[in-house]
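As a starting point, one isolated chain is supplied in structure tokens, in the form predicted on its own.
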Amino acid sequence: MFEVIFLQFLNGLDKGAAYALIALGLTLVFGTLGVVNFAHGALFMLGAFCAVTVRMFLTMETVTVDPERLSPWGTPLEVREPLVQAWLGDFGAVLVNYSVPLSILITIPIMLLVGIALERGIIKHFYKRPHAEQILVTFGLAIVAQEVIKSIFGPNPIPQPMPTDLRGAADIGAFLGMQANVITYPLWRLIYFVFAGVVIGGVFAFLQFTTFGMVVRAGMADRETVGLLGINIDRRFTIMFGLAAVVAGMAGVMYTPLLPPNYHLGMDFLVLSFVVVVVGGMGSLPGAVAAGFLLGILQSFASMNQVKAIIPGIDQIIIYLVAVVILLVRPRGLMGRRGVMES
């Protein structure tokens, strides 16, 4: 029984890592710009399709004729191999094999530019508008992005293979001193959890220990006073919007081997992640991360057959039930600032 519970706990950490990464970006945007960004899930989806695009380019084939190999009809056989592999040999094969991690290097500058362009082109005009209007315009942007992706890549999911060296399972039981092969867990899911921890830790360290981050935190607390000091806080907030887009994009890239990307991937994660933000507390970065992992773990345990036998369908609604209870008891969320969502 311990093994089953421990595996469900790991599944919860895996789900929670994805929720926390997206919720972190949502909270960065709300905390700095005060904008409820319903297009954030679309940024997660765009990151995933950056990985799809990189692999499509890396696997573009070249066709050569091998006169030494004949078909049953006596004609030379056509040999197909990725163009990058034909050019670079074994190194090209490594690039194809590790296309998902490699995609992060391409995704970071792309998502940074997309985030900055989105903020400067559209979002900045809605800073002082009601939240309802912000939700409408960002939700509309998400739908546009979704339809553009659908028209380019089609409606069907596009599987992205993980590197062959990372397709196995880690023997966690043996690592903890238990009997071998008692508790095993997919290696890529563990890598995703570690990746999420590194990204989350990097964002917090950036905000906590750099001058840029300290100014941003001061601007989140009192934007007008920071502006009176002669600091261009708007420019820093624009960069933070770009950073939030980068975080969402990288989360999407690394999730592609776990869930084949499709055009509605962003919407699937957006609603859950927005609930995570509300539960953690609007504008609270620690709250978003803590709520992400907490709700991921609860959802994982609720999906156990023993639990669903008692309460059918509980795994589909557990997150929303927890959100309702927390908001009734503590409207500002677990770690939200006093006065936020309490009026």
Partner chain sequence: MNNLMPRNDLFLLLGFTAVVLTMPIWLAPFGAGYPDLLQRFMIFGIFAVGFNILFGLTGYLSFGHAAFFGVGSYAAVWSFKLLTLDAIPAMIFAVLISGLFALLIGFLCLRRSGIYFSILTLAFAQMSYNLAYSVLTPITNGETGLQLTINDPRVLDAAMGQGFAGQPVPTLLGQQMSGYAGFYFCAGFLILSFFIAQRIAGSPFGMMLKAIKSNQTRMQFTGFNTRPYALSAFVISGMYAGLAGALLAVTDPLAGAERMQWTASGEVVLMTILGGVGTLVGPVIGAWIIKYFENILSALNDNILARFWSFLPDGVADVVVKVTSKFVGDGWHLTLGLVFVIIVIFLPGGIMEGVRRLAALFRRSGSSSAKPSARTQPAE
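Numbering follows the first chain given and starts at 1. The structure displayed is predicted, hence computed values, not measured ones.
Not on display, but discussed next: the form predicted in complex with the partner chain.
Only one of 235-243, 133-141, 216-224, 195-203 gets a heavy atom within 4.5 Å of the partner chain in the predicted bound form; which is it?
-> Checking each option against the 4.5 Å cut-off leaves 133-141.
Kindly confirm or deny that 101, 163 and 178 each have some heavy atom within 4.5 angstroms of the partner chain in the predicted bound form.
-> So, no: the whole triplet misses the partner chain.
Find out whether any non-hydrogen atom of residue 9 is located within 4.5 angstroms of the partner chain in the predicted bound form, and reply yes or no.
-> Contact check for residue 9: no, nothing within 4.5 Å of the partner chain in the predicted bound form.
Does the partner chain get within 4.5 angstroms of any non-hydrogen atom of residue 96 in the predicted bound form?
-> No, no contact at 4.5 Å.
Indicate whether residue 270 is a 4.5 Å heavy atom neighbour of the partner chain in the predicted bound form.
-> Contact with the partner chain, yes.
Does residue 126 reach the partner chain in the predicted bound form, with heavy atoms at most 4.5 Å apart?
-> Yes, contact at 4.5 Å.
Using a 4.5 Å cut-off on heavy atoms, what residues in 224-242 are near the partner chain in the predicted bound form?
-> The stretch 224-242, when checked against the partner chain in the predicted bound form, contributes no residue at the 4.5 Å heavy-atom cut-off.
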